[in-house]
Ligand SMILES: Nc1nc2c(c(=O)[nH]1)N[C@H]1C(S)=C(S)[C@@H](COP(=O)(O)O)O[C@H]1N2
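Quick heads-up: it's one chain on its own, the form predicted alone, in structure tokens.
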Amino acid sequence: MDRRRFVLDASASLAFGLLLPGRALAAPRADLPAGAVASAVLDALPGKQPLIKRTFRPPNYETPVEFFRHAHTPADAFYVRWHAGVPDLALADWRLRVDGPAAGTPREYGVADLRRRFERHEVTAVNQCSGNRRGLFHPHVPGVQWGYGAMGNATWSGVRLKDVLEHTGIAPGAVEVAADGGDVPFLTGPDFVKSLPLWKAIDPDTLVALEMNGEPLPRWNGFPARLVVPGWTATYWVKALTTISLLDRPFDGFWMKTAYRVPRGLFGESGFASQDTDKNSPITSIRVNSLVVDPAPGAAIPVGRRTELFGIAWDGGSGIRHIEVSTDDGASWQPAALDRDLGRYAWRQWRFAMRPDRAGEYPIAVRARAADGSTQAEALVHNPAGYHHNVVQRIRYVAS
């Protein structure tokens, strides 16, 4: 058997994630609706461990849930998301150009220039694809059919975008900051360019990142530099960054005006007023969410013995206040213990001990509450592109 490639039932692949040869397959996940993410392939890109392949061209691969046991998602297991061909940029030749109608003096920087001129800054943050869990929507919605793994948590380091912009000069009329990468466009389709409102671009935690978990960015995750926009979905985290433009009017490219949008007001205010229309708004902040990592949903657990549930929770930047677990399908709730706080943009690991007193099924529900008071949805909020799936997770274990 090819050790790098396996065709699996998706519920099994999502349950324990990294399914290497010789390892037993996990029980199917009990929290997947019928027909969701119907099949999956584990495939290893160069430099990566086997990931769940969703599309090959462009490459879109999700992280198996097993890797979420790590406080920081390993770079070689971090999910991969591209809209076009992945560039192969030479570090010695790479330059970041900063210009635009609302810029002062256009400038170019190499990696050495950025390191020498600007103070190093780092932030630990969840990078989550806007469409994470889209494959769990029912009825089906179009797009990459992600399961749970189009996300990861890492410490990102580099320089503040604010410092770079201020060195260039920000004109009084600046409204947005657009970012373009070196990705290779296909024969059809618009170039992937995104913009940020000026207030988010100059947030002290918004970075031009050069490193991930203390190492240079992998090519698959944006080498040599990418935007890091903590608290916002990954559509704004432009990879293989080549150009930053200060704009005096709202950017009207396809990936802002047409794509990555939700009906206006469906999820509250977007925080991106210059891109709002009467009908819709850009997707921006990550919604509060949680995930059971271990034991895998549907797994067998022992009667009369302690079983520890382990999982993660995250939101768009207020931080996780507490996690509640129900062992009776939501009739009552008990607090889980939170592990150490890695920062308000990072995920928070949690643990909950249960001791089944009888054989049979145990319906489990888990919900997170953020410091700003927001909680997970009890029912799916439908939207055309399948964004913001943050429904309270309900699973089952079998005690024997």
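Since we're looking at a predicted model, the values are computed, not measured. Heads up: residue numbers just count along the shown sequence, starting at 1.
One more form of this protein, predicted together with the ligand, exists but is not displayed; see below.
This chain appears without its partner; in the predicted complex, the one residue of T206, N153, T235, S290 with a heavy atom within 4.5 Å of the ligand is T235. Interface residue among I320, A296, V80, I286 relative to the ligand in the predicted complex, by the heavy atom within 4.5 Å criterion: V80. Picking from 162-170, 197-205, 218-226, 309-317 the stretch near the ligand in the predicted complex, with a 4.5 Å limit on heavy atoms, gives 218-226. The closest non-hydrogen atom of E324 lies beyond 4.5 Å of the ligand in the predicted complex. Residue contact with the ligand in the predicted complex: D183 places a heavy atom within 4.5 Å of it. N127 belongs to the set of residues with a heavy atom inside 4.5 Å of the ligand in the predicted complex. In the predicted complex, F192 approaches the ligand with a heavy atom inside 4.5 Å. Residues of 279-309 include none with a non-hydrogen atom no more than 4.5 angstroms from the ligand in the predicted complex.
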